[in-house]
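Encoded as structure tokens, the following chain is the form predicted on its own, with no partner shown.
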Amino acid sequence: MDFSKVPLQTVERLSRYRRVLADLQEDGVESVFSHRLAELMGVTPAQVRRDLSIFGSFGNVARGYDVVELHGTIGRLLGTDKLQTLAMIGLGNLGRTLLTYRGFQERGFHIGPVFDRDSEKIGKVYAGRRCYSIDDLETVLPDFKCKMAILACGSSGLDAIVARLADLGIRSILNFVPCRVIPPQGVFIENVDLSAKLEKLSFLSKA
């Protein structure tokens, strides 16, 4: 199957399906029908069936979807059934917070090598990870076999950093820097602008 043709909206919903299924699994629920899954997701039953049918046939009319089986299948589709190591650029306040966020590990991700420009941080260990100089990116990063990276640094020289990451095999980047970057060919960047989200909520709270 050509996964590049799967709509990104479907991929985003798959992640939400997996989260909902994990909650059901914790509650001891063994099977779930599409209408209940749709209710928990805030979508229609038809949408649930369309999303899952892209990848094959799941569940049956009598019992619905097997919660454990579907959760595992979606994990394999997303590539999060095995722990993936991520690189992180930047060890400021946000970077240090991300290092201690347990949600990454629970969802199949582990922040490995961390890089920064600050000589006061280089060589020190934070939350079990050693901080390396950004100048040593080409020397250090290949040892960790990362395909994904997090940007939690300043905006200065960001395009050059992204280009270097791409040359080292990074194919997906989660960008917390409030700066738009044009990704090199074959690299996907997901931008997370926390301030913009708060501004949106501020506007909505005035309604």
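What we label the rigid core is the largest C-alpha set whose atoms superpose within 1.5 Å from one form to the other. The numbering used is simple: start at 1 and walk along the sequence shown. Because the structure is predicted, anything quoted here is derived from the model rather than measured.
There is also a form predicted together with a further copy of the same chain; it is not shown, and the following applies to it.
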item	value
Answer option from Q47, S31, S172, S34, heavy atom within 4.5 Å of a further copy of the same chain in the predicted bound form	S172
Q25 within 4.5 Å of a further copy of the same chain in the predicted bound form, heavy atoms	no
In the predicted bound form, R180 touching a further copy of the same chain (heavy atom, 4.5 Å)	yes
Proximity of G123 to a further copy of the same chain in the predicted bound form, heavy atoms at 4.5 Å	no
Q84 within 4.5 Å of a further copy of the same chain in the predicted bound form, heavy atoms	yes
Stretch 67 to 101: residues contacting a further copy of the same chain in the predicted bound form, 4.5 Å heavy atom cut-off	R76, L77, L78, G79, T80, Q84, L86, N93, L94, T97, L98, T100, Y101
Threshold 2 Å Cα movement between the shown form and the other one at L198, rigid core reference	yes
